[in-house]
Every structure is written in structure tokens, then in C-alpha cells.
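Alright, here's a single protein chain in two forms, structure 1 and structure 2, each given by itself as C-alpha cells.
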Structure 1
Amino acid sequence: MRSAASGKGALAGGRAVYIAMLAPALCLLFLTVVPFLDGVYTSLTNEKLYAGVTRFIGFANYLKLAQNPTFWIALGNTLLYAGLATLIQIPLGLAVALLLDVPSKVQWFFRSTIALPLLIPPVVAGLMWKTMMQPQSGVLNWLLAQVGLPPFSWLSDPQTALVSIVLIDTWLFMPLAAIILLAGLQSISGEVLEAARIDGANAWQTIRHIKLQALKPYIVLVAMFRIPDALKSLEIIYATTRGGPLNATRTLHVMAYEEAYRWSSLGRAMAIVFILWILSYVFSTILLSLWRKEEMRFHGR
């Protein structure tokens, strides 16, 4: 009843106007649905660029993938990458946000420079860090040596390559987490914090019982930004290791790119990409419902 009444009053002109205003944007976005569906069909064929006749082969691409050990490695790498990125960047971003929330003389400087990494294209960030991570001549190993630590192999050792790439990802996107969480911190009313102080809560108790509670929807939001992007991360890896050494950094998106451009197997590439899409969709749907629940709890809408 209420929604009908508010719906009528909200937009002058009613339904027709609503559709007329929304339709052009949705049409433009839905233009991509056709190629997407075409891609899903392609994943059921043996299509190759510049060669042969394309035949419908059903789920053969998917079955072949299931038997391909590299696919399982890539799936594992994709999940490990996204998991590590989220588990590192959310607590770190939270720590930085709490730090930037404390009044101090250098606060303004760090608040205005924290966003700088976001302005560097991921592919460029990858190249930048690659130069710094050179085992023999890179500045990072030199810095380690200055504090008496042994050199690190960074991107050239299969054991450490993926972690090194997550480090680059963290440099690029931790600031995004920090900015969102800082804005969340600032939305907490001063009265609530004052009341806690009068009740004798110490800094740690205030963080745990007030700030973290209020930040919950913002934390889910950061995860919503980061998890799908980390799952489909491609550009940093492309700029640094291109999937090597020994498949250590080959994620599903990198594998799909290689299938398409190295081997021109569009059918196989699309099968991988479609699996990746399902993965993102599942995670995002879970996060979105979580987010809506948190939102309802705090803002009542």
C-alpha cells in the first residue's frame, strides 16, 4: 500500500517517464549481453581464430578443462589470489583508516596522498614493481640488505611469485579500502563516541564495540569492490610474470587470455572465462545480500 502511494508521488509522469529515462542506459549496457551470450555459445564450439571450420561440440571444452591439471592450478591460484588480497587488504585498510582518523599534524598530508596509487594504471604499477623487485639490481632487495635481511626472489621464484603479485595488488587497492573505511568512520556520530568516553571505554574498547560495529556494512562493501576485481585480475600479472614461473601465477583470466591470444582457441578461452564469470557471480550475490542485510540493520532501508 505504502509503496504504491510513494511510487506514484515520486516521479512525475509515472511509469512511461520512468522507462523513458532508464531505457537508453540499460539498452547500451544490454548491448553487451548479446556478445556475452554469443561467447557462451562459442564455449560450446571448437572455434579457433584464422583456422578450420567451427563445429558445435557440446561440453567437450569443459570436460577437457576438468582433465587439464593446469586448469585446476589456475583455479587454485585465482581463489588464492582473491582470498589473500581480501584477507590482507581489509585489515590493512582498516588499520590505515583508523590511523588517518586520529587527529594529528600530518593527517592532511597522508589523507591527500593515500589515493595516489589508485591513479597509476594496474599495468604500469606492475611494471614499476617489477623493476623494484629485480633480484640482483632491484631497490627492494637493497633495502632488505640494509636492515640485514637476505635477498628475496620475489617474482622469479614459483614459491613467492603469487605473494609478490598480491603485494602489488595490495599497494594499488589497499588505499581504496582505506578511503571507504575512513569515510565510514567519519559517519559515526560524535555523540556516540563521547558517550563511550564518558562511560570510561578505552581506545581499544571503542574500536571494538563501536567503530567496528558501525563499519560492518563498509567492510562488506570493500569486499564487494575487491573480490570480483581480484578474481578477474589480469593486468598486473600480464605486466609482471604472464602466468609464470611454472604456472605459479597463472589465474583463470590469464589462462583464458593465453588460450585466446597464444593459441587462438576462442572456444576454450570462452569456457574458462565463463567458469570465472560464474565464480564472480556467486561471490558477488552472497556479498550483495550480506550488504543489504547490514544496510537494513544500520540505516533501516
Structure 2
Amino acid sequence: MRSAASGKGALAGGRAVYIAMLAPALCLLFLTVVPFLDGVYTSLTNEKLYAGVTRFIGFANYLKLAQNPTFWIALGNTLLYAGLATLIQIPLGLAVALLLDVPSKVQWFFRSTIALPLLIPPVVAGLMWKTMMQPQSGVLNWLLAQVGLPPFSWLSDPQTALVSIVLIDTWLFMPLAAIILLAGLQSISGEVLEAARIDGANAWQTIRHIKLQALKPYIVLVAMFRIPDALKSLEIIYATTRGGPLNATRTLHVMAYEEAYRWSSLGRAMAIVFILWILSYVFSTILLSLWRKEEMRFHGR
């Protein structure tokens, strides 16, 4: 009898532990799924901020977006912005990581200061760079004048505004790429590098055949962080150009923000956000699959 009672007590204790572990997971799932489904439903309605009556309208918001030329401009700008930012920041971050991996007396100083831009809120960084990019009084055009170059229309020219914002994004987030890639470099075994040195490999051969091969999963990891983040970029753009000039920097997130807060069209704003979510999900899934392949290849599993 005592043994049976003891067994029941152990079983009850095991269930209690199971429920205690399951409850937070269910709460997290509930808090994630319910707002997401609510957002999807909102995108299928004509809901407006401060309006009392909401009506289900199906895919009307999506059809209106498809017929709006500004939407396609914003979609192109979004993909171009994310692509440029990632393609610039990964090689630049890799170069910085390789420099920070070289032992030197001032290595600790540069390693401690590289992350400083990450501490600045994107909207503050946008305002700061907007001041620096002023055509008449900005410090960047002053520097160009010192070397005999004409002033540059950083944010006011439709041809250069998007690239200028990518430059700001690069200044702000390139350190993240450098830190992740530096962590990858630090994970390379010293014995492997020493063996390469003994075999006569020079610096370039070591970088090409050992370090870059080891860094492939980390490079994909940087892309996994940066592409979805760049697709959702809003603060820098809104602090500098607000989507102008002539829609040159209008992205989907800027368009969604204006639909919600300028035109009070919450249903249409949620439709744009859902399209952004689909883009982020597709890119994240592809990159996650690529990252797993690189991890398996690198670790020989």
C-alpha cells in the first residue's frame, strides 16, 4: 500500500512539473498567435482608428494595394533597401572583424568602441545624420569641399536619397555584423591556424581557405538578422525623408505607418504589415535552411 501511494505521489509530482513547464509555453504561444491572428483579421476589414463600425471586406484591402502604383514603388524600395544594406554591411563587417582579430596593443580599444553606434536609437541616428547631410551647412559637404569636391544632395535628390539612408543604416548596424563575424573568427581553433602557418600558407590563403570557410554559417546568420530587420526599417527613414523626395525612400513600413496614423486606415495598414511579414518569413526560412546546411557541412554532420 505504501509503495502504491508513493507511486501515485511521484506521478502527481511529475504531472505538476510537466504542467509548470507547459504553462509558460502555452502562455507565450497564446500571446504570440492571438495578436497575429487578430492582425490578419484586421487586414480583412475596413477598420479605421477612432471609428466605431467595422465591416468585414475580405481581400479588398489587398486588391486596392495591388492597384496602387505607390505600393509597388514602396515594395521595390523595401527590397532594394534591404538588399543594399545587407550586401554592403556583410563585407564591411567582415573586413572590420578581420582587422579586430589581429592582435595589437590597441585591439581592446577598438573592440570596446565598435559597438557604440548600436547604443544609439535609430531615430536619433537618423536626425543626427540628417543634420550632417544638410546640403548647405552639413559637415559631410564641408569635408567634400576641403578636398575640392562639389556639394552633394544627400537626402534631397531622388537619385541619391535611398543610398544615403542605406549609408546611415550601415553606420548604425554594420557593428552588429562585425561583432557576430568576430565571434566566428574567435571560434576557429588555434591549432588549425598554426598548422596552416607551418604548411606555408600566407595571410590571404589563411583568410580564403580557413577563415572564410569557417565564417560561412556566421555570414548567413548576419543575413538572417539584417534582412528581416531592414525590411521593417522605419525610424531612420521617417526621421530623415519621411518617404520622400517623390517616393524615392517610401518603403512598405513607411506606407503602413502613414495609412494607420495619417489616414486612420488600420485595415489597410495591417494588410501592408502582413505582406511585410510574408516577405520576412520567406527570407528567414530560406536563410535558416541555408544556415543549417552550412552548419552541417562545417561540423561534418
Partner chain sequence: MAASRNSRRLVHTALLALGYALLAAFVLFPIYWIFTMSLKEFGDIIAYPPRFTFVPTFANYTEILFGTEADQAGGVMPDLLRFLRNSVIISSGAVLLSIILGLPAAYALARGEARRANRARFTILSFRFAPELAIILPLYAFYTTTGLYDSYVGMILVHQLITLPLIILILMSFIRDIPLEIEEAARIDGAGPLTILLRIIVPIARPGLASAMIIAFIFSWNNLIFGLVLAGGETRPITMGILQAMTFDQIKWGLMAAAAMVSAVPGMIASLLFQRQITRGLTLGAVK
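Rigid core: the largest C-alpha set superposing within 1.5 Å between the two forms. Start at 1 and count along the sequence of structure 1; that gives the residue numbers used here. Everything numeric here is computed off the predicted structure, so don't read it as measured data.
Novice: Have a look at both and say which one is the form predicted on its own.
Specialist: Between the two, the form predicted on its own is shown as structure 2, not structure 1.
Novice: Superposing on the rigid core, do we see a C-alpha displacement of 2 Å or more at residue 69 between structures 1 and 2?
Specialist: Not so; residue 69 is displaced by less than 2 Å.
Novice: For residue 23, is the CA shift between structures 1 and 2 at least 2 Å following rigid-core superposition?
Specialist: The answer is yes, as the C-alpha of residue 23 shifts between structures 1 and 2 by 2 Å or more after core alignment.
Novice: Report, to one decimal in Å, how far the Cα of residue 53 moves between structures 1 and 2 once the rigid core is superposed.
Specialist: So the C-alpha of this residue moves 3.2 Å.
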